[in-house]
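A lone chain, given as structure tokens: the form predicted on its own.
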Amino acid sequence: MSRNSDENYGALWLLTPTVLLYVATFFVPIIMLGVLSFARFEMSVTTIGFYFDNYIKIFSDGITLKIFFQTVRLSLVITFWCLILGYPVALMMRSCSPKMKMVLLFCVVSPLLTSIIVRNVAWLLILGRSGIINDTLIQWGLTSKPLPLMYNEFGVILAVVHVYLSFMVLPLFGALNSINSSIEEAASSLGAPSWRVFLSITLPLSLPGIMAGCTLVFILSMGVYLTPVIMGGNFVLTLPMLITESVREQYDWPFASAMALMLLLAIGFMVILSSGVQKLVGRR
């Protein structure tokens, strides 16, 4: 018994570097954010204390909450489109040949292999007023003036979905690939049409992958910064942009810390909600 305990303690020592890394890069910054969020910022001077000025400002300035809910709405829209576009791709990857599966996997993952600057510049060349789409439409006589494809929510959503689609497809593919195909074949052999098999068997059994993908995409979308700046300009504001502005231009670290904590609380609520839904689905 003591020998097993010694081996367990020896194995735990192997986790020490990882634990120290998490403490230094996650827990310490979170504690610092919490302390700064209750500080007071007056006349460009930060006073450490227990003040609620920053949280009162969030709920009373009429801007921060509006931008927060806009960020949540954009994240939900991005998550929705990633699910709508990613589920058919995951289904196709499940049923296609190994070679075609590798091709689709490369297409899905390839946006992550390039720099975020390169991706956004490519979208600028495609969606800009003199971009490929607008030039083609004008040359074909389908429109007389360039369409507003950039510096709006459409451009931001399209560029973010292009990147985060892989974070939806991979969990969905894992969930779909783990489904025993004999269950679907048995339902088909009993006379169930394809749509009934999908709605009654495939879709319910893939719900863990759906929840995992939606959670990942929502969390990443809530914190995205550079893509809305480039694709949305000053016309689409998100909470990470407001946090960056408070730090860079106003040097208001306490208010930025309060907004960052609010963002973390929203993300934490989404994770808890997703976990609860997965447990409920598991029981059913």
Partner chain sequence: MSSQEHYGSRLPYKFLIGVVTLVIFFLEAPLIILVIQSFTAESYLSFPPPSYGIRWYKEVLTSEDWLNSISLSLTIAAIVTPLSLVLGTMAAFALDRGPKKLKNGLQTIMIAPMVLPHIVLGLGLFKMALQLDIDDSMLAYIPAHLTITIPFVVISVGASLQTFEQSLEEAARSLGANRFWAVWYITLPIIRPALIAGGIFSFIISFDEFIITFFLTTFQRTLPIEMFSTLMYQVKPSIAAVSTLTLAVTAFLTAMLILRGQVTSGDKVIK
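All of these numbers come straight from a predicted model, not from anything done at the bench. Throughout, rigid core stands for the largest set of C-alpha atoms superposing within 1.5 Å between the two forms. Numbering follows the first chain given and starts at 1.
The discussion below concerns the form predicted together with the partner chain, not included here.
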{"item": "Region of this chain that lies against the partner chain in the model of the complex, out of 247-255, 64-72, 37-45, 51-59 [heavy atom, 4.5 Å]", "value": "247-255"}
{"item": "Non-hydrogen atom contact Pro171 with the partner chain in the model of the complex at 4.5 angstroms", "value": "yes"}
{"item": "is_contact(Tyr225, the partner chain) in the model of the complex, heavy atom dist at most 4.5 Å", "value": "yes"}
{"item": "4.5 angstroms heavy atom contact with the partner chain in the model of the complex for Pro148", "value": "no"}
{"item": "Contact test in the model of the complex: Leu113 vs the partner chain, heavy atoms, 4.5 Å", "value": "yes"}
{"item": "The single option of Ser200, Ser194, Asn152, Thr143 touching the partner chain in the model of the complex, heavy atom within 4.5 Å", "value": "Ser194"}
{"item": "In the model of the complex, the residue from Ile78, Leu165, Val156, Cys214 that sits within 4.5 Å of the partner chain by heavy atoms", "value": "Leu165"}
{"item": "Check all three, Leu137, Leu237 and Ile272, heavy atom within 4.5 Å of the partner chain in the model of the complex", "value": "no"}
{"item": "Sequence-ordered list of residues in 66-84 near the partner chain in the model of the complex, where near means a heavy atom within 4.5 Å", "value": "none"}
{"item": "Tyr251 C-alpha moves between the shown form and the other one by 2 Å or more, core aligned", "value": "no"}
{"item": "Core fit, then Leu265 C-alpha moves 2 Å or more between the shown form and the other one", "value": "no"}
{"item": "C-alpha of Tyr55 moved at least 2 Å between the shown form and the other one on rigid core", "value": "no"}
